[in-house]
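Taking the form predicted alone, here's one chain by itself in structure tokens.
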Amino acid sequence: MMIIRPVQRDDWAALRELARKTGPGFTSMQDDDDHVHNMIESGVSAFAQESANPDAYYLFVMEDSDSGQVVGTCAIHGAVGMDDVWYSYRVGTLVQASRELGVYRQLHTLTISNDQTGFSELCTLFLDPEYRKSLNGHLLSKCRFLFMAEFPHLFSDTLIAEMRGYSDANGVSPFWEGLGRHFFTIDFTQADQLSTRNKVFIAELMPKHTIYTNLLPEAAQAAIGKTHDATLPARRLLESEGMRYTHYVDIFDAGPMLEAPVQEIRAVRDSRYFKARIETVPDQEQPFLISNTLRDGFRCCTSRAISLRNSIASLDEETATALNIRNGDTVRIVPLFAERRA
């Protein structure tokens, strides 16, 4: 069984290995010793704090209970832009018209923005390629919604998620080549890595005025709002929960930003409390997402061996062990998938 839990310091080797597999453009988990170390320390600190810290970074890992191997990771940033400035491009439309000349044109524009400052962010979602099967991806992504539902005071009312932007088979971002390189004169990968450590250089070098996208190369224009092929499943999953593209993109690779009010996300809105009854339960057709109600001892998993009656959740011993709960403990449960409508 796959179990979600808070990160621990002895997860270093496993996370370092996962970081080597991320590839270019994966900003929130770089292939770098210091970066992974800082991730872990920030995550451990967030779960250890008794009070809410707006800038906290809640880092989770997915562990295979059979082998004890850490095979994935995900995180929630409590509020972006509270320490380092948060930048994005707002994609807009400018109309130019002349009746005399019979000209009517809609031009797309990019404007530097800090509009998401203070919003909570879903980030650092990465699953080992060998484990991208079954329900693993859904568990790794959606577990964060149950944590947010349980501890709403730790997060903003609005949630965002940056999708990795398009890059080619060689890791080259056409948007960066068409725009960013002219101002930074460094490779995309180097700029992406630098942005995780210090964003001052962005403010110093980024163009401050509105950019007309028709002045960019066609490949750069086509990349605006386009999601990396490897990230498309993650985008579809978040969209199925109610997150939407709101015409903001990343300033480096133009990857789309998804957004939603936290309380309107399906798994948050529809999750319910139940009292656990541990007993033999036949598998159900529908899988459920289930978590305990602890902060630093948070556990989450999926299970079909759950039967819900009134306020009682009957669940099997394996699920109870994964969640580290006993008879009578409170659990939070929601169907793993949204109900299909005719």
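Given the structure is predicted, the values throughout are model-derived calculations rather than measurements. Numbering starts at 1 and follows the sequence shown.
The form predicted in complex with another copy of the chain exists for this protein as well; it is not shown, and the discussion that follows is about that form.
Think of it this way: in the predicted complex, another copy of the chain has a heavy atom of just one of Cys123, Met82, Ala220, Leu237 within 4.5 Å, and the residue is Met82. Contact annotation: of the candidates Thr189, Ser271, Ser113, Thr227, the single residue with a non-hydrogen atom within 4.5 angstroms of another copy of the chain in the predicted complex is Ser113. Within this chain, Arg99 lines the site of another copy of the chain in the predicted complex, having a heavy atom no more than 4.5 Å away.
For Arg244, a non-hydrogen atom is located within 4.5 Å of another copy of the chain in the predicted complex, even though that partner is not displayed. For the chain shown alone, Ala169 is not a contact residue for another copy of the chain in the predicted complex, no non-hydrogen atom being within 4.5 angstroms. Within this chain, Leu232 is remote from the site of another copy of the chain in the predicted complex, having no heavy atom within 4.5 Å. Exactly one of the stretches 161-169, 137-145, 260-268, 68-76 approaches another copy of the chain in the predicted complex with heavy atoms within 4.5 Å, and it is 260-268. Contacts of stretch 117-135 with another copy of the chain in the predicted complex, defined by any heavy atom lying within 4.5 Å, are made by Thr117 alone.
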